[in-house]
Ligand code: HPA
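Presented below, as structure tokens, is a lone chain in the form predicted alone.
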Amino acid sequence: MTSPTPLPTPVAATPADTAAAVALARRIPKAELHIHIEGSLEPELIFALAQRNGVALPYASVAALRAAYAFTDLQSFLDIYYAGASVLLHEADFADMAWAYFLRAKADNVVHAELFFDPQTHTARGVPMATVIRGLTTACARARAELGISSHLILCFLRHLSEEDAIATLEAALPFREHFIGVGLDSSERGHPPTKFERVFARCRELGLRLVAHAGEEGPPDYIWQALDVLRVERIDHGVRCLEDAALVARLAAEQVPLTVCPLSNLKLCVVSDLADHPMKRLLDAGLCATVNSDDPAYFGGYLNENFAQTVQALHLTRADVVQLARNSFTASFLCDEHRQALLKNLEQSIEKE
């Protein structure tokens, strides 16, 4: 009886391999599926809008505001996030904020973006729903016309507020239904399980809206199960704690449920203590449909290409990993099939140029 042929020893990535993978990640076209547009509000623009709108800020300068970006968890970030959003009052403010993001997305070779927005953050301050949505759609239309970037808007409910508030927000947004493709669930995860929002998500499903939810970032794997089985979402935002539950990983792989992972966010909010410990490689090796995204890039130290670059470097991701992540970004999107296939073809052509 002969001994089985030993498996080849994996060849460690060289610095040149890693550098080439980073260069590829930066150059190829990609979609971004987890970007909170309010989280793209850079300190410079916050101060410019504060001056334009006569809003007093509790920080003396741009530098002082940036210095406050030392977060210990999700809530410590949200406290500053909501303070920054206080400068957004008029349609032009929302348009300027989104346009600034699109310019950075263009520089990162993003060709499609699905933007989260939090209307409750603004309506609670007396800003009308119409102001929020019209400002954002103005920027989206401009991005398509001038930058060639397609986009969708996804309205997110703040989970630290009541489901009744979410239902009221949905009703207020319905006159603008043509301008947003889906709904999501964000804000403080701890203590606010997806089951809290079962009724409003059922209503959104009846309306034909696409469904996503944050789960398994700070919350346990059970929150991912709830998002799938109770809210019946199509994508999980974050989802990195799924690896704690083998049955959940098997389901996510079998059903190819996309995970919109945000590596620098996970690092900044102490979900991982070192990017070298980030689970992205394990997610890919488990056959999950993981994607790279920037979450709240103004606060977390990087837009899409920086998330790719630092993750590739820290985890020694391969060229094949980078290509898979880019492909996943399009297959996980809410694009129509024709547009998705066109962008995937464009991606393949870009890869072949290497």
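The first residue of the sequence shown is number 1, and the count goes up from there. Predicted, not measured: the structure shown is a model, and the values here were computed from it.
What comes next is about the form predicted together with the named molecule, which does not appear here.
- Heavy atoms within 4.5 Å of the named molecule in the predicted complex are found in one stretch of 50 to 58, 321 to 329, 293 to 301, 307 to 315, which is 293 to 301.
- The named molecule in the predicted complex is approached by residue 81, whose closest heavy atom lies within 4.5 angstroms of it.
- For residue 74, a non-hydrogen atom is located within 4.5 Å of the named molecule in the predicted complex, even though that partner is not displayed.
- Contact check for residue 238: a heavy atom falls within 4.5 Å of the named molecule in the predicted complex.
- A residue is said to contact a partner when one of its heavy atoms sits within 4.5 Å of a partner heavy atom; residue 36 meets this definition for the named molecule in the predicted complex.
- Residue in contact with the named molecule in the predicted complex (any heavy atom within 4.5 Å), chosen from 150, 187, 226, 86: 187.
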